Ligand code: LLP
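Let's start with one chain on its own, the form predicted on its own, as structure tokens.
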């Protein structure tokens, strides 16, 4: 897939002059377009879209998605509070987290948001604190998928959810405290491109759902991919949405009740709407490599170093320059601080502005002040 830069050269120069670099830039209209396409692709009357805000919790982005009618999926008490501060009512927030303390669970309980309980212990804690109430549980159906092992969230190797063979015990614990299991949630993994993979997870989840007579909703999680690499094609969200709705509609007909269908996109809504703008500050040559040094590092965009992830790079200052084979590296005192290894890019010069595409998800959200370097600014345009 051919990428186009989020900014043109003039915009980049203006923003760099006004805000400095490195700089995260997000475009509001791209977020809106992604949300409307995904939400409009699911022809089921009771569909809720919970944005997985761990991808990017920028206040401006939360405000845009609130206006579009999105809900929020949070994975920490901090994200719950950020969503409430952004104006989301508790009824439009869900919370799912693995390996939390009793104290955090009780704090989240007090907010009134929807909670997906992730373990047998969490069910017991909830029951002791709030017997005779409704609960939702996260289920691991023994199936996971994702572009990288680090982002697979289901299956035997995953820490997430209550493994499906433990569901009889989960039901017994819930019964002990007179808890009604009204919701099921799952997440199989991230950056999924094949609708068949996601739909397999949907079918597995619904085969489990038949064991829960009091269900009010089923949350199938997120994981919808975006094409980072040139050879990747966009996810066919219309096909995925139509088939998910058809499968769920049949389940509801057989049940004699229309349940709520929930999904949890994160990356899909914001990744392509964001970019990291940086400046070339040094160039070094060794017998085997040309190193292009920039004024940011893996403390600001860790995905290439952590996941081996690909980001398209645009030289906005010299877009028609002769291609040369380069490594783009950062200013952090670590050998793993790289963005690109041996890629042909337009010749870089000192002070050129480089733009790293598709950085709206898990860019700033995973950043740090490692080496005591300040985090970049973020702007929404």
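Residue numbers count along the first chain shown, from 1. It should be emphasised that the depicted structure is a prediction, and the values quoted were computed from it without experimental measurement.
Another form exists, predicted together with this ligand; not displayed. Remarks below refer to it.
Exactly one listed residue, out of 122, 299, 244, 185, brings a non-hydrogen atom to within 4.5 Å of this ligand in the model of the complex: 185. Scanning 52, 355, 61, 70 against this ligand in the model of the complex with a 4.5 Å heavy atom cut-off leaves one residue, 52. Here the chain stands alone, but in the model of the complex its contact with this ligand, taken as any heavy atom within 4.5 Å, falls in 260 to 268 among 260 to 268, 207 to 215, 161 to 169, 247 to 255.
Across the proposed site, 96, 190 and 224 without exception bring a heavy atom within 4.5 Å of this ligand in the model of the complex.
Taking non-hydrogen atoms only, residue 141 never approaches this ligand to within 4.5 angstroms in the model of the complex.
This ligand in the model of the complex comes within 4.5 Å of a heavy atom belonging to residue 366.
Mapping the unseen interface onto this chain, residue 362 counts among the residues with a heavy atom inside 4.5 Å of this ligand in the model of the complex. In the model of the complex, this ligand lies within 4.5 Å of some heavy atom of residue 307.
Residues of 22 to 42 that come within 4.5 Å of this ligand in the model of the complex, judged by any heavy atom, do not exist; none qualify.
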